[in-house]
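Below you'll find only one chain, the form predicted alone, shown as structure tokens.
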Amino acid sequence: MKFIKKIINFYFREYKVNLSGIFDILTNITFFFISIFIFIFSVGPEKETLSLLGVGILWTLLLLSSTLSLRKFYQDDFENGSLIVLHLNGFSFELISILKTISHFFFVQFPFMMSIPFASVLLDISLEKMYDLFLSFVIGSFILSCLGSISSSMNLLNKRNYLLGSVMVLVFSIPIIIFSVGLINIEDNFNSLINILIGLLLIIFAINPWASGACLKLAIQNN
């Protein structure tokens, strides 16, 4: 019971931290919608073109927008000593990575989920495709949060070039985009593609705590 209370306090702290950084989240959302308008102006306002390219454009922009928040995944907590305090309070580095990944999913990815209906209207995406897009993003965004956890923890070991973590997320996100866009555009293989996405989620979620935890431990030891 005492440990559950610690987890509740952890998420209450995360809530306050993310609330104080609400402008960063709004900046990411603004970047997302400005990018949509740029794509609309570049490909033209024809509904057929937007409907054909809309899903791919939207998933690409969701990926790029979510990577903007990766640097602060662990960086602030590492610099102010919060990671050490959490570890001393009984949280293993593996558990910290799991809790931070879930926190990133709710406080960073969730606002993008709420933006999907508005973005779908701008890109003339049908209601049926919007539902599939939302479903694919629920699964895919959690995978992105897991990849973001790994890359951000690796960035703590590499203070010279923060772009490496973002590049890693982009490279490993290619299969996610392929299967997510295929899930929406190919009706016949819906169940197969959704199972593949869930399989990828389970694999990366299993790897995340061990990889991120090891990097966090090394970063604190070398600090």
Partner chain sequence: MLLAQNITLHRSGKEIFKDINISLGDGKIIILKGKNGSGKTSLLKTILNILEPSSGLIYWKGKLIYKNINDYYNNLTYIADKTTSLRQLTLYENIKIWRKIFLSNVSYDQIKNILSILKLDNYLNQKINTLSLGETKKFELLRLIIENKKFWVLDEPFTNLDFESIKIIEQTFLDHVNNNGFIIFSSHQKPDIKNVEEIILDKL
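Computed from a predicted structure; not experimentally measured. Positions refer to the first chain, counted from 1.
The discussion below concerns the form predicted together with its partner chain, not included here.
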Three-residue site Phe10, Glu79 and Ile220 fully in contact with its partner chain in the predicted bound form at 4.5 Å by heavy atom: yes
In the predicted bound form, segment of 119 to 127, 103 to 111, 79 to 87, 136 to 144 with a heavy atom within 4.5 Å of its partner chain: 79 to 87
Heavy atom of Val17 within 4.5 Å of its partner chain in the predicted bound form: yes
